[in-house]
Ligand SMILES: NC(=O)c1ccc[n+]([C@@H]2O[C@H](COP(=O)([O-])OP(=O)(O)OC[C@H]3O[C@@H](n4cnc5c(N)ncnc54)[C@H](OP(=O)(O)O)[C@@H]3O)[C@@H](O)[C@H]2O)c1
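Next up: a single chain in structure tokens, the form predicted alone.
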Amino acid sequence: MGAEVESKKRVGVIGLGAMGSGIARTCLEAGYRVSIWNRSSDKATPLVALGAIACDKPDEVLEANRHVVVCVADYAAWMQIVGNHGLEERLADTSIIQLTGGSIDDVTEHETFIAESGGRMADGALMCFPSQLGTSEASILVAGAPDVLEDCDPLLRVLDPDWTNLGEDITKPAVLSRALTAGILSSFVGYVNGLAICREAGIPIDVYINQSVKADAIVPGEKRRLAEAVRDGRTEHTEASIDTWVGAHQTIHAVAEALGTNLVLQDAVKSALQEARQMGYGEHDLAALVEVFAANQPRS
């Protein structure tokens, strides 16, 4: 019984960037025996001081652990590590928790590779900062075979007490994480565009910051309302129609143009709104833009 418990409290971590180091540190704090490897060994030093075991080669991590978290720059970097160290011969009976970001093709090809090598795979995406790991603010999206996810569950709960199980489709974490990031990035781009407009007009940035806080108060509720409208297929019920938003955006575009700011973002928004109107959604809610972005949509 003691050996079984000891085995379950072991984990390997390959890749010690900010997130990989955070994963190793969180597992150490939870009482795990953590084996680590990174291409540049200096990143292991702070973790060794906390009790981690530094390995000279990544195959040593695989040999010592049934569960290995991989968190490197991209799949190309991981497969280079595999090739350089002959890891395909070391993957049998190992659960690889792959937290390296990649495309749909990367994920599916990697799943096949792991299976052919006799290993098991759970693919995941991290939607939080390293400092949030192990707390209620952590967010990890994971998919894989039910038995693999069940086997990895205790370790995943150390990193995220309420980790999200996306089922058996191994590509779901990659898709959902990119969809979430698209929304976040678009919001940040719009925010910076607003900064540019204010700067050109001589409006103090501190005033913009303070007013943004007030304006952003409506965002969480409105995001949920838009998502529910798409989910329920009721975009004809509107808070403000696309036609209304077109009128509002015309003034935004005019102000930005008058100030001489770059219109690349405003032109993109204008194009999306106009396309929605051309598709017959002018009187629908802004949520109807989902049809503009739908796959296989004929374009004018």
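The shown structure was predicted, so the numbers you read here are calculated from the model rather than taken from an experiment. Quick note: we count residues from 1 along the sequence shown, nothing fancier.
Just so you know, the form predicted in complex with the ligand exists too; it's not on screen, but the next bit is about it.
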### Answer option from L141, L159, A229, L99, heavy atom within 4.5 Å of the ligand in the predicted complex
L99
### Query
Taking the ligand in the predicted complex as the reference, which of I114, L87, A174, V72 has a non-hydrogen atom within 4.5 Å?
V72
### Query
in the predicted complex, does F129 have a heavy atom within 4.5 Å of the ligand?
yes
### Query
Is there any non-hydrogen atom of N38 lying within 4.5 Å of the ligand in the predicted complex?
yes
### Query
Using 4.5 Å between non-hydrogen atoms, is A77 touching the ligand in the predicted complex?
yes
### Proximity of I81 to the ligand in the predicted complex, heavy atoms at 4.5 Å
yes
### Query
Pick from 240 to 248, 255 to 263, 38 to 46, 54 to 62: which stretch has non-hydrogen atoms within 4.5 Å of the ligand in the predicted complex?
38 to 46
